[in-house]
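Quick heads-up: it's one chain on its own, the form predicted on its own, in structure tokens.
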Amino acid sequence: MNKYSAFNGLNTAEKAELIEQINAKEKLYEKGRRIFTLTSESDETGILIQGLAYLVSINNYGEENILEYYSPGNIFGSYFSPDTNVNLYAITAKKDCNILVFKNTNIVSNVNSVNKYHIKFINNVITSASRKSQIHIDILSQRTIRKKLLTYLSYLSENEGTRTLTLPIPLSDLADYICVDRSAMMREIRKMNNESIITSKGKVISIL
């Protein structure tokens, strides 16, 4: 489970009671399906249980750009997206996804039901969303492709607790995520291999 999961610190019984309290429903989305279209009126939030999902921006030509990706435990929805009054954003299923979906208002609709693990859940939600944004900003602020890659791999290693990593997204999508040309990124990865900074085979990368 992701280090910054919405359910960190909750045992099985607490998690089950919380899901009932916020009236979260489990939904399945096949690969390629649109999960949410994000608007200012959106009132749904999702927690990814299994699969892989992308936050994408959609331009006037219908082209999509990857702004963020979500692993199991991550939370997404209109509350955690860029300004929906400026551009069109959507959550799409990159793989088959199992998602808990609930209304935003359900988190605080019944104040009397709020308890210590409910508060823990809210803290996790805020921390998880904030952490992902901070990480992506840090990656994009790096000035070279190499620094962007190493910053991304460093965060991934910290989260997974290992220096041998299986990338959660395809390399072509990684280039989109860190906003670089794919061919230039692949050349840099080959250089880093030759300089014994990393070893890589497909999506498996070891930091040396």
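From a predicted model like this one, the values you see are computed outputs, not experimental measurements. Note that residue numbering begins at 1 and tracks the sequence as displayed.
Keep in mind that the form predicted in complex with the DNA is missing from the display, and what follows is about it.
Novice: I'd like to check something about Ala184: if you look in the model of the complex, is any of its heavy atoms closer than or equal to 4.5 Å to a heavy atom of the DNA?
Specialist: Result yes; Ala184 sits at the interface with the DNA in the model of the complex.
Novice: Is there any non-hydrogen atom of Arg190 lying within 4.5 Å of the DNA in the model of the complex?
Specialist: Within the cut-off, so yes.
Novice: Spell out, yes or no, whether the shortest heavy atom distance between Lys27 and the DNA in the model of the complex is within 4.5 Å.
Specialist: Lys27: no, not in contact with the DNA in the model of the complex.
Novice: So, in the model of the complex, is Lys94 in contact with the DNA at a 4.5 angstroms heavy atom limit?
Specialist: Contact check for Lys94: yes, within 4.5 Å of the DNA in the model of the complex.
Novice: Going by heavy atom distances of 4.5 angstroms or less, which of Val56, Ile35, Ile145, Leu48 would be at the interface with the DNA in the model of the complex?
Specialist: Flagged contact: Ile145.
Novice: Exactly one residue in Leu156, Leu140, Leu150, Leu171 has a non-hydrogen atom within 4.5 Å of the DNA in the model of the complex; which is it?
Specialist: For this set of options, the contacting one is Leu171.
Novice: Quick check for you: of 59-67, 174-182, 35-43, 158-166, which stretch puts a non-hydrogen atom within 4.5 Å of the DNA in the model of the complex?
Specialist: Of the stretches listed, the one contacting the partner is 174-182.
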